[in-house]
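As structure tokens, one chain now follows by itself in the form predicted on its own.
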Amino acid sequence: MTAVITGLGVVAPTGIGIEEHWSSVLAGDTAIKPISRFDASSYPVRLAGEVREFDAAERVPSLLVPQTDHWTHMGFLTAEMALADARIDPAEVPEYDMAVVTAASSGGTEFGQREIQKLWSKGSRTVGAYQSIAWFYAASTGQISIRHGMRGPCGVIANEQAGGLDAVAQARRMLRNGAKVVVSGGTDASLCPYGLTAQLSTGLLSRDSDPARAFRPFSEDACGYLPGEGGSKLIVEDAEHAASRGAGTPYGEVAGYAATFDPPPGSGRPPTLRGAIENALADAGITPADVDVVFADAMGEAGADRDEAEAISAVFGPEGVPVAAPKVLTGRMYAGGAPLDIVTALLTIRDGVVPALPEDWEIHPGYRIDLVRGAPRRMPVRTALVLARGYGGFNAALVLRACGT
């Protein structure tokens, strides 16, 4: 069984739809701006990557809007986009052959905050019944499966940013167990007072007020990351099934995957991202020399950046492989970040061009990685490695390969 990706759907700060996102990434158009979803003037973090042109009333069936949170609204649209891109009509696929597995990080925080405020100010009778499900991590998975009649295995993975890769790997497992089509990926949306306060508790968010310098992974002045919202859904499909229905050439193959978990801080044991990389390459049956580009997790925190740079250079050699970090344009999107990196990596394979950071990006002199800066780098790309780490010690690595490689 070969797992291929046949459809993509994107709702991100960089654009709605894959081509709008891709055009913004190649142009280096940052979406980092002052938060507009609520008054953040009293918060230490006032910048984020928002999806500014998304109106749920225009994009989501009216009955579903009041029942679900902003993150699920974006989940609905990305799933519909991905299904349309894959040219799949769920009504034409046996319902038990279709599965859904998504990543979630914060859940429905905006919906939850609104209902909690009603509880405090007006009493329990004013809290809507949908509060019981709209906040829940599995809400998007459940709503997508119900909407499209997908009655095969369904699940959700909550490993923060790493969960976006873990969900796609779980989709591959579902195909191996008999599913034919899996909706996977993830979205996230936690730009509300409740959500931002929860994120601040990690101590990892940048408090710099300059949009051009607040999120600077792998630089000497890295001071944390900025939050973002949105993400992507992917159609992961059995290659034989895709061919039998005339799907055309898939975007790529899910060729390899591995996950590790870091030891507790202060234990004296090293982080395990390198192990995830090496195991993912082994799962794909390739060597480091076969990888054309790495899409970095790029957390923007000094210790995390050092650990990631050391892992990449240890596996591929000093400056041994081009490294891309497009999330500087969107902020760190948690459960939606890694799926969006998968989309960007697949478009890099499709078009043979690696997105770049700004020309003036000053990489830390101690990091021996080939961080792509200046103009996008045009080169043949057949194999891409996507990395993701989740708060608390989660690491994941996913190998994507052009079909027929």
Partner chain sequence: MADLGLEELKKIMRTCGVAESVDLDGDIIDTPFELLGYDSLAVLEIQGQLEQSHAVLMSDDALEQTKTPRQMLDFVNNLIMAGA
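Residue numbers count along the first chain shown, from 1. It should be emphasised that the depicted structure is a prediction, and the values quoted were computed from it without experimental measurement.
A second form of this protein, the form predicted in complex with the partner chain, is not displayed here; the remarks below concern that form.
- Although the partner is absent here, S62 lies within 4.5 Å of the partner chain in the predicted complex, judged by heavy atoms.
- Of the heavy atoms in I133, some are within 4.5 Å of the partner chain in the predicted complex.
- Although the partner is absent here, A91 is not a contact residue: none of its heavy atoms lies within 4.5 angstroms of the partner chain in the predicted complex.
- Mapping the unseen interface onto this chain, A129 counts among the residues with a heavy atom inside 4.5 Å of the partner chain in the predicted complex.
- Interface residue among G352, P66, P358, P34, judged by heavy atoms within 4.5 Å of the partner chain in the predicted complex: P66.
- In summary, the region of this chain contacting the partner chain in the predicted complex, judged by heavy atoms within 4.5 Å and restricted to 233 to 241, 119 to 127, 330 to 338, 207 to 215, corresponds to 119 to 127.
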